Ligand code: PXL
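Only one chain is given next, in structure tokens, and it is the form predicted alone.
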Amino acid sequence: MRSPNPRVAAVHDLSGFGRASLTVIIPILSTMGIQVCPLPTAVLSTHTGGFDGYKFIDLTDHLEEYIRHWTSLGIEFDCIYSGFLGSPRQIDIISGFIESFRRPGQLVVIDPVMGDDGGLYSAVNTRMVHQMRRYIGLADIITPNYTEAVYLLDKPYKDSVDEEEIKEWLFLLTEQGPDIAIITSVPDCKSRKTTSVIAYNSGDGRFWKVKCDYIPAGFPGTGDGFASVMVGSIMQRDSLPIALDRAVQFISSAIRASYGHRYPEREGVLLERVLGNLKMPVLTCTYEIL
């Protein structure tokens, strides 16, 4: 029996404290009317951004049994949304999960979480980068940040990049398999006061851009939030540029709502204060076509 609400399999880690990963993804997608079915890859006492001595429980050895139970129940998903994977073996297991659960009309979104600010996260090595380049070929949509795009394409990291070069990168990323490539946190070569999200849809050959003001804050989990709003928006049948716009505006509002408070940024944005924005109609659109 088909679910009344769209159903998403969310392949991410779960942190007990700090708004990131599943603790961001579940409330966002649920608010947007999407049923979230978590496939947790690890459980942590806190996320890894700014906390020392956290407890990490690796669930790799349990993933295949978990997936087999879902298979035995005949569960179907309208979307598979994959985020941080902690090892080459996890990439292999989730690749098999996507291939075995894939069905016509399903959306597969891969956020190739590997690094930020020009470097890789401590859990990511060169072997994982090579595997990630193959893994994204299973996706309909990928959402790397600027640093991750650099590693996926084996490009040198630069402090800024012009639009024509980013367009070339997006084209090359879709050549690896995805229909749509989206690069977030693109530094503006003309102004340090703005960053952009730029996307390419190979199906119609169009490039889209949404700009946002740069706010000097480092809240973990905003990438998870962006991708989640985008997934929810597309599941609500919004167009790609509207989905980009909604995601950028939501994360910008979350950062602004949080920035004025004096509390540790490592705890993430004050998500609870802005979730209601996701139920509002689209009032303004700031996207550009390139």
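Predicted model, so just to flag it, every value in this text is computed and none were measured. A residue's number is simply how far along the shown sequence it sits, counting from 1.
Quick note: we don't show the form predicted in complex with the ligand, though the next part is all about it.
Practice task
Name the stretch, out of 45-53, 226-234, 243-251, 59-67, where some heavy atom lies within 4.5 Å of the ligand in the predicted bound form.
Solution key: Contact-bearing stretch, as computed: 45-53.
Exercise for the section: Indicate whether the ligand has at least one heavy atom within 4.5 Å of a heavy atom of V109 in the predicted bound form. Expected result: Output for V109 is no: heavy atoms all beyond 4.5 Å of the ligand.
Practice task
Classify F84 as contacting or not contacting the ligand in the predicted bound form by the rule of any non-hydrogen atom within 4.5 angstroms, answering yes or no.
Solution key: Yes, F84 sits close enough to the ligand in the predicted bound form that at least one of its heavy atoms falls within 4.5 Å.
Practice task
Considering only heavy atoms, tell me if V113 and the ligand come within 4.5 Å of each other in the predicted bound form.
Solution key: Looking in the predicted bound form, residue contacts with the ligand include V113, since a heavy atom lies within 4.5 Å.
Problem - is_contact(V269, the ligand) in the predicted bound form, heavy atom dist at most 4.5 Å - result: No, V269 sits far enough from the ligand in the predicted bound form that none of its heavy atoms falls within 4.5 Å.
Practice task
Check, residue by residue, if P144, S196 and Y287 all come within 4.5 Å of the ligand in the predicted bound form, counting heavy atoms only.
Solution key: Not a single listed residue reaches the ligand in the predicted bound form, so no.
Practice task
Could you work out which of F171, Y121, Y157, F101 is the residue within 4.5 angstroms of the ligand in the predicted bound form, going by heavy atoms?
Solution key: The option sitting close enough to the partner is Y121.
Exercise for the section: May I ask you to list the residues of 12-26 that have any heavy atom within 4.5 angstroms of the ligand in the predicted bound form, in sequence order? Expected result: Sequence-ordered list: D13, S15, A20, S21.
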